[in-house]
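Consider the single chain below, provided in structure tokens and representing the form predicted on its own.
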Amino acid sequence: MAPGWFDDLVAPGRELRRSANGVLSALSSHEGGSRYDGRAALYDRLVSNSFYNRRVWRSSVASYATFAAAAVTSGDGPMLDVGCGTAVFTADAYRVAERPLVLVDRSLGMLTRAAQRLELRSQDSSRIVLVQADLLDLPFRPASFSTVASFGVLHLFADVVTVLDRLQAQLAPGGSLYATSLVSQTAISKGVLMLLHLGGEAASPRRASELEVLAGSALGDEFSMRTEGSMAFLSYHPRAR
């Protein structure tokens, strides 16, 4: 059974069914799985590799974890992580978080591995809830989360403005949004992103300047963005209205 605080976040008319390993699913039982279901272990080995991140993206695992920790400590209300993957960069911060966490991914395989990495026990189920859902069809009430995060996801989508609009819609007044995206700042990163694009794994490569323009279209002027190598770190702290 989901904790009461989580039930209050679910939009009216949305039903979540119990899936494997305690994961709640907003997908209908006849919807197919994700292409990442069978790749969670490979994903872990690759993206957590320090040499890979330095060589291809000229960034670091430590920077990803530090940014995630900043998101966790940005508030005390419910936090939503959309596209949480296997929690490879976020698990340390989530284990010690003193706030409710909702971790969402389209892939049940990724969520299963995230649950294993977080070593979820019965006492954690009152604080952390894992949900299988589509980013573009989230099952939550608007403006329900004081922090919304989406790490390593924006580069997967051609329509970044719509993605940011959907994430922003979940943000409570005075809340904060944190996101990261791979960008094509070097010949190597552009080549890898192009290969991912041709394989149907990512959108067409974008430079940081292009992402910044798109983010401005969605978020206005109340966001900041910095890059480390070919990883862009975006944060949004709108003034409460």
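Given the structure is predicted, the values throughout are model-derived calculations rather than measurements. Note that residue numbering begins at 1 and tracks the sequence as displayed.
As for the form predicted in complex with a small molecule, it is not shown, yet the points below apply to it.
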Checklist entry - Leu135: heavy atom within 4.5 Å of the small molecule in the predicted complex? => result yes
Checklist entry - Though only this chain appears here, would Tyr43 touch the small molecule in the predicted complex if you measure heavy atom gaps against 4.5 Å? => result yes
Checklist entry - Are any of the heavy atoms in Gln170 no more than 4.5 Å from a heavy atom of the small molecule in the predicted complex? => result no
Item to check | 4.5 Å heavy atom contact, Phe89 and the small molecule in the predicted complex | outcome: yes
Next on the checklist: Partner absent here, but in the predicted complex, which of 50-58, 34-42, 183-191, 210-218 has residues with a heavy atom within 4.5 Å of the small molecule?
Outcome noted: 34-42
Item to check | Non-hydrogen atom within 4.5 angstroms of the small molecule in the predicted complex for each of Ala71, Ser74 and Val102 | outcome: no
Checklist outcome for this item: in the predicted complex, the residue from Val153, Leu120, Ala93, Leu164 with a non-hydrogen atom within 4.5 Å of the small molecule is Val153
